[in-house]
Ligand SMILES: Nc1ncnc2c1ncn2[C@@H]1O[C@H](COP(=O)(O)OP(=O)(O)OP(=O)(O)O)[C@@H](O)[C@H]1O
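This document starts with one chain, in the form predicted alone, laid out as structure tokens.
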């Protein structure tokens, strides 16, 4: 399948960046539209800025803090005690986790917005849209049956590619998929988990598939959930380490 963006989509240096305003304000973050103009070309970027943790409506730490033993001992102790340093460590892990996941998935060809650069408060990625109009979320789109069947197959393939590099989205639904140029584009990785070490990885994978299947069923697609789970890579053998460690 062809890449979402050409290899030279990003404006060249020396460049000038200009903030064009808010694209989306959510519970955990705000997304801004940023233009970048260089000597030979211009481009649009989406800048995701995370809100301070105490301002966020969603604070389910265990998905973001990581598996016990990650990071420095002092940092882990501060997180457990909820000290100011611990809160700062959670913030840093939050941003780094989503950025690293985006880069990792883009590098293996998953249909995600191409990453641009990490910032202290968030990160920049390619703007997915036409002109300054953002691509709609899949949840806001009604597809004809044939297109819906094709999109469902493509999305299962993307979930499989993610699992092949041990990533489970953790919050996948039609709300976290953009529909652009007749293709699903996966976004929002703040709840992504490592399929190898996270104890809830299999449950989250199955929930991801069930939620996305619900959208496509409403579009008229007949779905065998067990077959869909098998196609994306779910199996007792794949997650046998979770059974052994439980």
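Residue numbers count along the first chain shown, from 1. Predicted model only: the values in this text are computed from it and were never measured.
The protein also exists as the form predicted in complex with the ligand; that form is not presented, and the subsequent description refers to it.
Contact with the ligand in the predicted complex, defined as any heavy atom within 4.5 Å, is confined among 131 to 139, 144 to 152, 103 to 111, 157 to 165 to 131 to 139. Listed residues 195, 178, 221, 34 were compared with the ligand in the predicted complex; 178 is the one with a heavy atom within 4.5 Å. In the predicted complex, the ligand lies within 4.5 Å of some heavy atom of residue 23.
Contact check for residue 126: a non-hydrogen atom falls within 4.5 Å of the ligand in the predicted complex. Within this chain, residue 188 lines the site of the ligand in the predicted complex, having a heavy atom no more than 4.5 Å away. The shortest heavy atom separation between residue 46 and the ligand in the predicted complex is within 4.5 Å.
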